[in-house]
Structures are given as C-alpha cells and as structure tokens.
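Take a look at this single chain in structure tokens; it is the form predicted alone.
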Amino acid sequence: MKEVTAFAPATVANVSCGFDILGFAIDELGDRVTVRHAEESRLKVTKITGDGGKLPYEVERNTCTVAVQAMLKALGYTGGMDISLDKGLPLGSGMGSSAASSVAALIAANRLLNDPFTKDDLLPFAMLAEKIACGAAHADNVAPSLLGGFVLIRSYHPLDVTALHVPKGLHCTLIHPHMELNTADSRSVLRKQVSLQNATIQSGNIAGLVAGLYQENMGLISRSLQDVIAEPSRSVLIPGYEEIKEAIKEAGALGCGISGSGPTIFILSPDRDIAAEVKTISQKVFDKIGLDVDLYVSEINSRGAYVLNEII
C-alpha cells in the first residue's frame, strides 16, 4: 500500500458524572488523516488544513506524529511516513479534537503496515498524544473515537476499558459556542479535593447511568446525568449553559452537560425528534445571548474510527 486515509469521529467525554472515565462517539463530525510511505526514514507532517494555522508541524508536538511515532517504536519499524491532517473539528471545542487527529493517524498508519495492531492495541499510543495535547494521558476521548459507542475506563493503571450498551434511539444534540476554551485552563479551575458527600453522590450517578444504559431506562439515565465535581467550576466559563439546562426540561430531553472540558454542551434525548426540538430551543437561547453557535444532532456512533480510502 502506498497511501491510506482514515477518519476518526468527534467525542463527548466525561458525560456529566463520569469525569475522565466515560465517553461516547458522535456520527459524521471528525478529522481525516492521510499517511503515505516516505523514502526517508523519518516522520513528517506535510500538510494541515482546517486549523487556521494554529497546529504545530513539529513531530514532537503534533498529536498525529506523537501517536504514530509511539506505534512505530513498539513495532520496531524504521521506515518513514508523510502525514497530512484535515481538521474537521474546531480546536479547544470540547469535542475531542486532539483525540480525533491522533486516532485517525493511528488507524491510517496501522493499515498502511497491514494492520499489525488491533484497535485495542492502538489505544495506549493515542493516550500518549493526549498527554502532549493537554497534559494528561486520559482515554475518555481517544477510546470512544477509536472504538465507537459508549466507553467506560474502569482503570488507568492498569488500563481497563470496556464498551457499554447503547439504548436504541438515544440521540445527542451538540452545541458548540464560537469560543475556544483551552483544556489545561479548564482543568485548572477544578478543585483538588472532593468531599465524601460529593464522592458518594457522583459514584451513585455513575452507577445509575451505566445501569440506565443497559436497562434502556431513560428515566434512570436522566436522573443520573448530574455532575457535582467538575460542572460547578466549569459551567461559569460557558455563556448560556445554565439557560440551556433550564430551557430543555420541558422538551423531554434526558439532560445536558459539558462535553469534555467545554465549551461545547451536549444534550441527550430519547429519540431524534426530541433531539431536533432541543436543537431549535438551543439556537433561540444563544440568539438571545448574541453568541454564534454550531449545532449538530447525532446518534451515538458505534463504528468509531475507520479507513476511508486506500491507494495500492
């Protein structure tokens, strides 16, 4: 094979109560990466589009090359590759932008070498790229982007990731305000310690959300979409958040939360019609505020990252 192009989807991480341990994948939105064999024995970022000139070309700083370099080192491969990135996701959006880039690069590079690794095998390499991007090697974006569906990270040491059941009909509405919120800044506002009371509440909500997914119990899912740890500190950084949270109640939405570190807001609904109605309601809220937003309605993406095109 001479060239492979792969796609990796946007993701919602944390999912309210599941700070750093829960995430799910979104349909259609995402990044594309093309990887080609190179004559020289080195990695090189040859082109980046869709980033407004903000992303680095340096191999040690670009999430695509950091992830692929780790993969090639594990494989013992000494050949070269050229990598080009087409950003479909805005930077600092809370939709797993850095994760989508590294995951798409890994899928393309792995396929270029005839798939020596499984998707599960690729996860640690993507996590190394997340550490470069935001200072923490968390998996709640890269795991669902890579594997698809709803994902639970039970443990980081050792890494223990498992897929969760996705209820039929479950839809997500994403609201992306036109503002950038750096992940490191968003993490910096979090409290370093959690009270026993809040730890107990959060644990109950995580267990309730997982149980609700498996039981397809929309009421239990709705009651469990409560975050008492990260949301109180982060919500004040996102204009319109409290207004959205209040406005969607009568529409039949299950609940809302901050996608990743923000500023994107996610809203879960039991079907597409309610998700579409919530989209309209959300647009009106931000029109009143005077802040431009992008809005999307999506099913939960069960496919994850995949190869788009191969040139032999």
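As the structure is a computational prediction, the values presented were derived from the model and not from experiment. Note that residue numbering follows the sequence shown and begins at 1.
The same protein also exists as the form predicted in complex with a further copy of the same chain; that form is not shown, yet it is the one meant from here on.
Colleague: Looking at 180, 115, 160, 242 here, can you tell me which has any non-hydrogen atom within 4.5 angstroms of a further copy of the same chain in the predicted complex?
Modeller: Here the answer is residue option 160.
Colleague: Check each of 97, 205, 110, 186 and return the one that places a heavy atom within 4.5 angstroms of a further copy of the same chain in the predicted complex.
Modeller: By the 4.5 Å heavy-atom cutoff, the listed residue in contact is 205.
Colleague: Please determine, with the chain shown alone, which of 72-80, 136-144, 217-225, 172-180 has non-hydrogen atoms within 4.5 Å of a further copy of the same chain in the predicted complex.
Modeller: Flagged stretch: 217-225.
Colleague: Check for me: heavy atom within 4.5 Å of a further copy of the same chain in the predicted complex, for each of 236, 275 and 295, yes or no.
Modeller: Zero of three within 4.5 Å in the predicted complex.
Colleague: Within 4.5 Å, heavy atoms only: does residue 123 come near a further copy of the same chain in the predicted complex?
Modeller: Flag for residue 123 set to no.
Colleague: Does residue 194 reach a further copy of the same chain in the predicted complex if we count a contact as any heavy atom within 4.5 Å?
Modeller: Because a heavy atom of residue 194 falls inside 4.5 Å of a further copy of the same chain in the predicted complex, the answer is yes.
Colleague: Under a 4.5 Å heavy atom criterion, is residue 300 part of the interface with a further copy of the same chain in the predicted complex?
Modeller: Residue 300: no, not in contact with a further copy of the same chain in the predicted complex.
Colleague: Given that a further copy of the same chain is not shown alongside this chain, does residue 168 nevertheless sit within 4.5 Å of it in the predicted complex, heavy atom to heavy atom?
Modeller: Contact check for residue 168: no, nothing within 4.5 Å of a further copy of the same chain in the predicted complex.
Colleague: Going through 131-156, which residues have a heavy atom within 4.5 Å of a further copy of the same chain in the predicted complex? Please give them in sequence order.
Modeller: The stretch touches the partner through 152, 154.
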